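Only one chain is given next, in structure tokens, and it is the form predicted on its own.
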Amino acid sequence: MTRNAIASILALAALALAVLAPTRSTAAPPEQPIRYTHKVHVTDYKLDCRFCHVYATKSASAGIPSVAKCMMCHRTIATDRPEIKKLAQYWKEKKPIPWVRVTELQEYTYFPHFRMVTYGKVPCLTCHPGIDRDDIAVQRQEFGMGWCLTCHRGRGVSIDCWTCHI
């Protein structure tokens, strides 16, 4: 085998590992500035995910709720709780909450939420299983290419490379 053939095989193996490697593990959740619970909002009070993540149906990103959105309810609800007091302080100081991103994708992946949510009618919990019961948001699903392809094939949608890799 020639030196170029070996180099090509190693390069392809490295590329395959990079493409097939899952994103962030499901290890410990990151420290957040406010202890936000999806369980209370989604499971207990039955809020639709899209109530807070307003861009999920119209943008590539689902978006993080603004402080103003949170304060729509928390000007009057649970105002005596420590985490709501933190929220109110951000509101008072007119500062955004510096949330730490929980869900990560590979940099070379284009994941348009609106296509999945609006056109694909993919429920949020398909990609974010269990988040509706989380007191602290955790990424449980690793978004490896095999997982995505299984879903695409199961739904009969395109598996063309350029659908997700631009």
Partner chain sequence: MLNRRGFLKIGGATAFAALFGGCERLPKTLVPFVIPPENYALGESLWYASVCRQCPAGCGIVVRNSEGRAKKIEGNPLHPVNRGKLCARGQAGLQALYHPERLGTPLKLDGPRGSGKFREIPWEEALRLLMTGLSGVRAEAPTALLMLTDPMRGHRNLVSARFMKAFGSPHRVAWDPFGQDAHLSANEAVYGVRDLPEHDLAGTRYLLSFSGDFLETGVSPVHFGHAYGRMRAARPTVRGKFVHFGPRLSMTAANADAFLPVAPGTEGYAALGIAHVMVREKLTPAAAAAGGLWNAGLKEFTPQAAEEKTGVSAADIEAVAREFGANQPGLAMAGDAAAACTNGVFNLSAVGLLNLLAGNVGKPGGISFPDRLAAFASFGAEAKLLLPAAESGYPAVRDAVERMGKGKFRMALLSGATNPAFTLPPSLKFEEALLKVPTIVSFASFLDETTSLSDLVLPTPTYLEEWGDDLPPAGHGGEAITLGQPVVTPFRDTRSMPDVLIAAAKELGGPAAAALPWGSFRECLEKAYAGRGIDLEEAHKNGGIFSGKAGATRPAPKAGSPALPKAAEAAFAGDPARYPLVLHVYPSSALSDGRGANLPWLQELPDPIATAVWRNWVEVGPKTAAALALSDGDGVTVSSPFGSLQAFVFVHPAIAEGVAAMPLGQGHSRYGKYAADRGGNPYALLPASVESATKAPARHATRVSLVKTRMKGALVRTVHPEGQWLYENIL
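Residue numbers count along the first chain shown, from 1. This is a predicted model, so every value here is computed, not measured.
The following text describes the form predicted together with the partner chain, which does not appear among the structures shown.
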{"property": "Contact test in the predicted complex: residue 134 vs the partner chain, heavy atoms, 4.5 Å", "result": "no"}
{"property": "4.5 Å heavy atom contact, residue 82 to the partner chain in the predicted complex", "result": "no"}
{"property": "Residue 55, heavy atom within 4.5 angstroms of the partner chain in the predicted complex", "result": "yes"}
{"property": "Heavy atom of residue 140 within 4.5 Å of the partner chain in the predicted complex", "result": "no"}
{"property": "Heavy atom contacts to the partner chain in the predicted complex at 4.5 Å, residues of 56 to 91 in sequence order", "result": "58, 59, 61, 63, 64, 65, 66, 67, 68, 91"}
